[in-house]
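Here's a solo chain for you in structure tokens, the form predicted alone.
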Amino acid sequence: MKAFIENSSCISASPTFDADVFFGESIATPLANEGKLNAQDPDYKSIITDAGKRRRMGHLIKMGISSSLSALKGTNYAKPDAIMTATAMGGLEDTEKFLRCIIDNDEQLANPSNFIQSTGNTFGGQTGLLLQHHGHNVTYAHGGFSFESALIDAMLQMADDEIETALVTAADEITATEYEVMRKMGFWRNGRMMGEGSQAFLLTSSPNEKTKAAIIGLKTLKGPLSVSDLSNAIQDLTHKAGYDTEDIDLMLLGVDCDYEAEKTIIGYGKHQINYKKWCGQFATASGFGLWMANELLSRQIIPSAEEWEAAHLKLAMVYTEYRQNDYSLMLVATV
């Protein structure tokens, strides 16, 4: 299976919505807020111009729709063949509002708007409505595999010649309640910081003159994994794509808490980058890893101590681990 990245867009805790700003002369530092890395929101008014629709949208929906529309902007594909969206938690902000409304109204006469906005498929459905898209539109809410599941759907349909283009978008948000619950569970120890954001990719089944990179391999694994399990998975994915592990130029690491695994994968790749320091920890953060891999391969740069420097990159692997339970590997190559 293979999918070519025609265009992408990213909203994160770093100034990534304008990629040229993020990859400017100096390396940006995300803004931390009491242990959280909140998204640096773009001007939603300039993207979602209908004030009435925008006012009714929660934060997750705004992020998902804005990154999706931005990924389509400037391409020849105003209406892709399929839309796949991914979110582990859905609209938590609206979910909490709906539950509070039930309590405050003694389980009677609850306003259904927040419930409707809270479901995971809302931003995918509203993207389809805005684009007047009537084709395949599916949301995946598979925990740490949500984004990977959406990618697999797109790549399988391209391999079967069912579609030629797909818009794949991932989004998850932070709420105060979610953060506090996970803090009490001990998840934010050892300096780990909760993040949020949305990443969108316009994928095509064949390249054109603008295409810079392609996804050539994808593997998901349930954990916890031993060191040998992870090493074997990396070698297997690389060899099936026709490469040796020595060919990996760039290893993008999305490690949550499995430090033994981190020691193992640092042995792969000529350059290693911890991408979660820019986006934080959340279930669909692998979307940020893929966005960064595509940008670094396209721009032929890597981060040094304080600035971006030129590099010769052909093959990158994105490694993501979520709660020592969900692991994924994505292999990305230049075209």
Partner chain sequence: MRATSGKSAVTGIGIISCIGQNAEENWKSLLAKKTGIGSLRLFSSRHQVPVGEIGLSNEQLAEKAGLPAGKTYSRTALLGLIACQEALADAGIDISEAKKAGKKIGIINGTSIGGMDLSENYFANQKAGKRARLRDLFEHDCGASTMRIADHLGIKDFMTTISTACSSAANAIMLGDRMLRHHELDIVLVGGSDPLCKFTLNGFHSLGILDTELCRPFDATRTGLNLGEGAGFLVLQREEDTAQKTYCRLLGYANANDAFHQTATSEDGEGPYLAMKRALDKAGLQPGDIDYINAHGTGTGNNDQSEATAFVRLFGEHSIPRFSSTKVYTGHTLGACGGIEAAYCALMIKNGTIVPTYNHTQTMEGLDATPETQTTAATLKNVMSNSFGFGGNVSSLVFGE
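Residue numbers count along the first chain shown, from 1. This structure is a prediction, so every number in the text was calculated from the model and none was measured.
One more form of this protein should be noted, the form predicted in complex with the partner chain, which is absent from this view; the next part is about it.
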{"property": "Options 192-200, 67-75, 246-254, 124-132; stretch whose heavy atom lies within 4.5 Å of the partner chain in the model of the complex", "result": "124-132"}
{"property": "Ala88 within 4.5 Å of the partner chain in the model of the complex, heavy atoms", "result": "yes"}
{"property": "Any non-hydrogen atom of Thr139 within 4.5 angstroms of the partner chain in the model of the complex", "result": "yes"}
{"property": "Partner contact for Val181 in the model of the complex: the partner chain, 4.5 angstroms, heavy atom", "result": "yes"}
{"property": "Met1, heavy atom within 4.5 angstroms of the partner chain in the model of the complex", "result": "yes"}
{"property": "Sole residue of Ala176, Ala159, Ala241, Val227 within 4.5 Å of the partner chain in the model of the complex, by heavy atom", "result": "Ala159"}
{"property": "Position in contact with the partner chain when the complex is considered in the model of the complex, options Ser231, Thr95, Thr211, Ser205, heavy atoms within 4.5 Å", "result": "Thr95"}
{"property": "In the model of the complex: members of 144-158 within 4.5 Å of the partner chain, any heavy atom", "result": "Phe145, Ser149, Ile152, Asp153, Leu156, Gln157"}
